[in-house]
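Listed next as structure tokens is one chain, alone, in the form predicted on its own.
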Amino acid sequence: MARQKSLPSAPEASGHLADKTLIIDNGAHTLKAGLATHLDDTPPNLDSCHIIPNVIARSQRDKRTYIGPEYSDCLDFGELAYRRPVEKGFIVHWEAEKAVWERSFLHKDDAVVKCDPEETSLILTEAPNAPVALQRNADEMVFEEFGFAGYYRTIAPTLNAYAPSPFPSTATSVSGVPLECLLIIDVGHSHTTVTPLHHGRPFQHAIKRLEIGGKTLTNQMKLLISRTFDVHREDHIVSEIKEDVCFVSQDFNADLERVWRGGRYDPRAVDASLLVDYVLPDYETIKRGYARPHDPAVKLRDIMLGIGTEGGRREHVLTIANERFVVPELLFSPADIGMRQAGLAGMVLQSIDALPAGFRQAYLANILVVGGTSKLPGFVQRLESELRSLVDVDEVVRVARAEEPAKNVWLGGAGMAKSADLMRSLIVTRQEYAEHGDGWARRVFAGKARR
């Protein structure tokens, strides 16, 4: 919890709107942050959004501690110890988050996004259905520790309604005006959420959460690879392997048969086209691992000894087979690891079925996928295929992925910040917070209190 102290002096008058707005999509794996202003009509630019590692990492090799953006300066990602401020989608370690924010936004020399909190408004995202105690901690940190001029806290999926629509038939919306009907599937680091939005407002009772995200997939990949090569302490390397070689299968059983290693009396041969060789980094000559086509004729033991490699360079190589598609399959079949939850397609229909019947077609035809994990090849096609198999043939199903899935929430927030009238109706100023308290601010953010 934030330290109790008085609010910054000379608070802004009620209704005053700062010239600049800092938008922070506070994800568990990375922060997506950048500034926007309502003083010009220039459309928000994705180049203004910066992706910052939301982590404090301690290296066991060079004994350095890397905070937030410093993580990219690390030269050896082997055996790092991680402390993440966000767990299960919620900020639970504010001292760690405070350190990441200060290094990212307030550092005098090389802050990624430089701002003066007393002259800046803040839009901060959170996961749906956050506990009240954690919301209170966030509000206290924003006003009492950092002293932002104004503040709006909202669940991340809602901001997607203010970003440009990925559907070509949808008319371009005016800045600050949300799309009418949108079903957001946010495949994040900690979990996956399904959120139906109507004019930018969520149907709370229809929000569904799948406890599988990028972190779950990385952990499963570690488990499978460690059967032949121990990578239990190599989170960063395994995450890169997942990003580089994994894909979502369009026919899981058929692909599994193609990589099945037949026994002594089984004549089936492995389809080498599905296998890849992944060269692990050594952080001396190979700074980042990479994949290359599998060559059955190459002996991995010889490569490890530098025999037959360029310049006699020793390489540690992993052959990745069914792990490439078995791991992402968890999003569509959580029962594979014993989870009693429906897969992603089933969860989408559970969310839609919780809405009035008249909304069903509108949401089936406007499904937007965001989140870094949704970049897996074949993800959108598999989801759309499964949904079509579960609904009537006369119902239209459209699934689209945002142009930049990881930054789309920030882009929507920047679009919201372009509308001065909308921001004045949403922002809670320091003076209002000082006069009415944190309970009133939470009711305003939830739409339950009038200003």
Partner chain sequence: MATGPLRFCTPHIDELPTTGSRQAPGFAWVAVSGAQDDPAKNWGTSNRKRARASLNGPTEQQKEALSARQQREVERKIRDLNSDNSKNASELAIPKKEGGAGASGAVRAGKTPNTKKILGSGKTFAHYLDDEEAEIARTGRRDVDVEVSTGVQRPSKTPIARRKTREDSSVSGSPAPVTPMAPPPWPRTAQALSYGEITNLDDVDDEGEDAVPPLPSEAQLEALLNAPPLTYGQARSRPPSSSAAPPRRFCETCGYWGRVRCMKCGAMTCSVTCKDDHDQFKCLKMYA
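Positions refer to the first chain, counted from 1. Remember, predicted model here, so these are calculated numbers, not experimental data.
Omitted here: the form predicted in complex with its partner chain. The next part is about that form.
Undergrad: Please run the contact check for residue 88 against its partner chain in the predicted complex: heavy atoms, 4.5 angstroms, yes or no?
TA: Yes, residue 88 sits close enough to its partner chain in the predicted complex that at least one of its heavy atoms falls within 4.5 Å.
Undergrad: Taking any heavy atom pair closer than or equal to 4.5 Å as contact, tell me whether residue 129 reaches its partner chain in the predicted complex.
TA: So residue 129 counts as contacting its partner chain.
Undergrad: Quick check on residue 442: any heavy atom within 4.5 Å of its partner chain in the predicted complex?
TA: Residue 442 belongs to the contact set for its partner chain.
Undergrad: Residue 336 near its partner chain in the predicted complex, any heavy atom under 4.5 Å?
TA: Yes, contact at 4.5 Å.
Undergrad: Whether 81, 198 and 223 jointly form a contact site for its partner chain in the predicted complex is the question; each needs a heavy atom within 4.5 Å.
TA: Spot residues vs its partner chain: full contact, yes.
Undergrad: Would you kindly say which of 315, 243, 76, 102 lies with a heavy atom within 4.5 Å of its partner chain in the predicted complex?
TA: None of the others qualify; the residue that does is 102.
Undergrad: Heavy atom within 4.5 Å of its partner chain in the predicted complex: which of 291, 272, 365, 207 fits that? Just give me the one.
TA: If I apply the 4.5 Å criterion carefully, the residue I get is 207.
Undergrad: Residues in which of 338-346, 283-291, 160-168, 365-373 have heavy atoms within 4.5 Å of its partner chain in the predicted complex?
TA: Result for this chain: 338-346.
Undergrad: Within 341-358, which residues have a heavy atom closer than or equal to 4.5 Å from its partner chain in the predicted complex?
TA: Result: 341, 342, 347, 350, 353, 354, 355, 356, 357, 358.
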